[in-house]
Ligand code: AMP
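Let's start with one chain on its own, the form predicted alone, as structure tokens.
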């Protein structure tokens, strides 16, 4: 079985609709795919319907944006949680509201130096989706300021840029606890992706494990090989699941569906551990 447990639709920062991600997964020869939009489960229903139509297993998921006390960004994947769980829903709503305010502030700053308006950005946001930096990047591409999202993120939208604005995000250990309370399986996404910025130290891993972390996303293009060896050792020491994923964003990133995979045994274990929702087959 070919299983990819990390993909995004235009409900967050991907470029394809949720059902479009399913069609792309089928075309990539996958047997199962997870939709893990940022702080949102709005794409689950249409993705599930498309999966049943096309004969592929659909794993409901979400990626939660977190931040440590030191200001380091952490992404937490949640699989098969209850999307209506009050505590988790309240927290992601808080994050989504903060993202909107943050995006508006960034666009105001950018408009001082570039031909960019809020309407330009909204043009690239799907109905109901949360506005984020990728949508600002798309607007900058459309305005001819940069060639693509990658250039935008390595220059104008980098966290070191004067246009960058921080937004609220929960502590990662707290988020792990919420996912477990919602019956989900929490997996630390691309933990050693140093090319994205600062990575966490031992204390954060310890705190997340103590809070109930169940897995590590080991096979990911942004995890360097030496980092993957560290993660395998950590997983063995603490009995954590190891996943592999593409982090697919459609045309938004070069990542290809199925470029990294999760074993059937790990997916089966995720299903055993989850109590919030189920894989759609």
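Numbering follows the first chain given and starts at 1. Quick caveat: nothing in here was measured; it's all calculated off a predicted structure.
Unshown form predicted in complex with this ligand; subsequent notes refer to it.
Note that among 76-84, 109-117, 199-207, 133-141, the stretch whose heavy atoms approach this ligand to within 4.5 Å in the predicted complex is 133-141. Interface membership of residue 171, defined by any non-hydrogen atom within 4.5 Å of this ligand in the predicted complex, is ruled out. Put simply, residue 38 is close to this ligand in the predicted complex: some heavy atom of it is within 4.5 Å. Although the partner is absent here, residue 150 is a contact residue: one of its heavy atoms lies within 4.5 angstroms of this ligand in the predicted complex. In the predicted complex, none of the heavy atoms of residue 215 sits within 4.5 Å of a heavy atom of this ligand. Only one of 96, 180, 102, 124 lies close to this ligand in the predicted complex, with a heavy atom inside 4.5 Å, and it is 102. Taking this ligand as it sits in the predicted complex, the stretch 251-279 comes within 4.5 angstroms of it through a non-hydrogen atom at 252, 253.
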